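The chain below stands alone and is given as structure tokens, in the form predicted alone.
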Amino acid sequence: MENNNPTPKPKDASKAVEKFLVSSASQLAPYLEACIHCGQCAHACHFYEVTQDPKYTPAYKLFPMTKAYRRSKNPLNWLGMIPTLEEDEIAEWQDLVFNGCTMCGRCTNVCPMGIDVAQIVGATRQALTAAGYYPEDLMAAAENVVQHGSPLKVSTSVLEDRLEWIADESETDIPLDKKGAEVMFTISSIELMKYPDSVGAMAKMLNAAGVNWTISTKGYESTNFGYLAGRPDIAKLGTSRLVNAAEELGVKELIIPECGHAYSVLRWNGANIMGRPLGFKVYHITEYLAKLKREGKLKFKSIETAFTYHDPCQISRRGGAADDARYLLEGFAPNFVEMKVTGNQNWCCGGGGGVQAMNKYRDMRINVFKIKAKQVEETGTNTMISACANCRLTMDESIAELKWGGKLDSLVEILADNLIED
């Protein structure tokens, strides 16, 4: 049964404290105890780099949970001598953990103690949301999932109409609810509505490789705004739709399209969210296309265009699929040039973790893009490609605002344009 619980409205700091204690008691306490306040994480954070404001130091985002945790463990707490978290403190951290962190995980790479700040920020978002502190625009997108099936209100009828149009434009088949399919392909509403060519490109390559695949009208939206908004109930609803649809069809594999957090949520958290193993394998589209290429089912014409690659954080650094994108480029792009900071060390686009959906930080996202623009320029190329629609949406916004002279393309679209078809 789908959960239609309303968003919590009254603000209550005590509810945040309760959630902090549950999270820290279950798994996060070692991280809270481990921080040595060295500050190395500051220079790994794109928000700190463009502002030089100490409040964006990733370790600082541990403070509300750490304060609640240590207060609960301190014997003086029984005497009322240890201050608790107050409403004004909670309000301050709402801005930092929602608008001021993309949960990209770059800070963890440089942390000498290996503290997973992104995981703690995710738990902190849940606590603040439970207490009634959350960005309205991000929560609205999450609630659209409940009411309309998608953060962009892509209902089943919208999906069917849009896919029919994309199939015609791309001159390829896009099967829906196909019985006996072995692979279920999911879509991101960002791609469907903003970048439809990428959906057509993926369909074209799956068909060319002879994959027996389908899209389900019962579970199609891969993005999970419930996870980003700190709403585990909506996160489970979105995950359940995909899992139930895949298992009803009996598919062996499920493909996540060019979307970073959609991949990390289902691939690495799906079983935990569902409370049981998934009945199928989960692939990001770059992983799956690399698999098809290794099997000799996909071949591409070599292109002379010089370009570089932007690694989406949730696919490369936190997803483990950085090598697959580069394998796809082998023999296809002889003039491919790596950025100086690349792969698992890449700089975030600035819009991950739901930050793209929050209007308040538009100017901040544009400033963050200057880091990426400089990286591209240093490669001597004029084109950057990526494999995440959210990265693309974020960077396209900045490109337009800054009137940047470079170009941004989709990896799957470039591959499809140069596909060798029998």
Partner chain sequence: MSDLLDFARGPALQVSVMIFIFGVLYRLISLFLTPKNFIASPARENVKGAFGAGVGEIVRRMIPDKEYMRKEMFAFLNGWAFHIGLAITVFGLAGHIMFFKKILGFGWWNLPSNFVMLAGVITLFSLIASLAHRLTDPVLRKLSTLDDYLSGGLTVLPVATGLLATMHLGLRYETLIAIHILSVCIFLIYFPFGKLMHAFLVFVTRAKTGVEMARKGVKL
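Computed from a predicted structure; not experimentally measured. Residue numbers count along the first chain shown, from 1.
Heads up, the form predicted in complex with the partner chain isn't pictured, but that's what we're talking about next.
Contact check for residue 263: a heavy atom falls within 4.5 Å of the partner chain in the predicted complex. Contact check for residue 271: a heavy atom falls within 4.5 Å of the partner chain in the predicted complex. Although the partner is absent from this view, residue 397 stays clear of the partner chain in the predicted complex, with no non-hydrogen atom inside 4.5 angstroms. Interface residue remark: residue 27 is counted as part of the site for the partner chain in the predicted complex, having a heavy atom within 4.5 Å. Scanning 344, 240, 217, 126 against the partner chain in the predicted complex with a 4.5 Å heavy atom cut-off leaves one residue, 344. Residue 276 is the only one of 301, 252, 276, 194 with a heavy atom lying within 4.5 Å of the partner chain in the predicted complex. The three residues 49, 111 and 114 all sit with a heavy atom within 4.5 Å of the partner chain in the predicted complex. Listed stretches are 160 to 168, 181 to 189, 217 to 225, 103 to 111; the contact stretch with the partner chain in the predicted complex is 103 to 111, by a heavy atom cutoff of 4.5 Å. In sequence order, 38, 39, 40, 42, 43, 44, 48, 49, 54, 55, 57 are the residues of 38 to 58 having a heavy atom within 4.5 Å of the partner chain in the predicted complex; the partner itself is omitted from this view.
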